[in-house]
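Just one chain follows, in the form predicted alone, and it is written as structure tokens.
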């Protein structure tokens, strides 16, 4: 039986799937992300162990959706390497090369948020749409743009979390990004909320003013993306978006601050179904990895 593998390499955990297809998962495994050698050896041991237990399974390919920054340029000497990440010990790790050598099958790569975006586009909130932006708001902020089934990149994968957003006039918080201080990630990520308010985002009261700040910064980012990329649907995921009512605040901010300029129905009368929460759950990146594995093989034929 032909099967596909997927690895969602996150900064805190690794999610591995083995499946007949992106909709028929056979097994799932999760470990904490430790130092590279230990983590990657454990990941390979999982796949090899499962294939030994199930000799009828014939692994065809593996898709990886990884935290980064990561080199996605196929012609680069460091394709598949983790780049200058703040994750201790991981900078310079040959992620794709290691998995490919150990498993002996083709390996296809995207960012973790790129994998989640692909899953939402194919199976979730963006199904039957032609274009989708996925933003994840958690420990960091990342994004991806899917256009007619392809993740759109330039010379490097996009860093949506580091776009500049106007500071709210009475916000005295300097910003938590070590590179840019008050970029989107520096003002609206989970750690930024903790540093600003002294309380983790998941413990902020429902009526805390911090949620209005959060909605304003995320709303400004969404407006920037609407005016530059004009997606049919925008999906806001990640742990911070689990707060009840935050999605409504973002929708309201976008509607009010676009001020009816070049505002099609999708962002005017249909905004509740245009800026939405994800549908693929907390393994969206891993599901995206399965889609990468399947699509990569199809493209080679």
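Just so it is clear, the model here is predicted, and its values are computed rather than measured. Residue numbers count along the first chain shown, from 1.
Beyond the structure shown, there is the form predicted together with another copy of the chain, which is absent from this document and is the topic of what follows.
Residue contact with another copy of the chain in the model of the complex: residue 153 places a heavy atom within 4.5 Å of it. Another copy of the chain in the model of the complex comes within 4.5 Å of a heavy atom belonging to residue 232. Under a 4.5 angstroms non-hydrogen atom cutoff, another copy of the chain in the model of the complex has residue 224 among its neighbouring residues. In the model of the complex, another copy of the chain lies within 4.5 Å of some heavy atom of residue 257.
Residue-level contacts in the model of the complex: of 209, 200, 149, 166, one residue has a heavy atom within 4.5 Å of another copy of the chain, and it is 166. Considering another copy of the chain in the model of the complex, the lone stretch of 154 to 162, 200 to 208, 120 to 128, 100 to 108 in range is 154 to 162 [heavy atom distance within 4.5 Å]. Along 248 to 276, residues 257, 258, 259, 260, 261, 262, 264, 266, 267 each place a heavy atom within 4.5 Å of another copy of the chain in the model of the complex.
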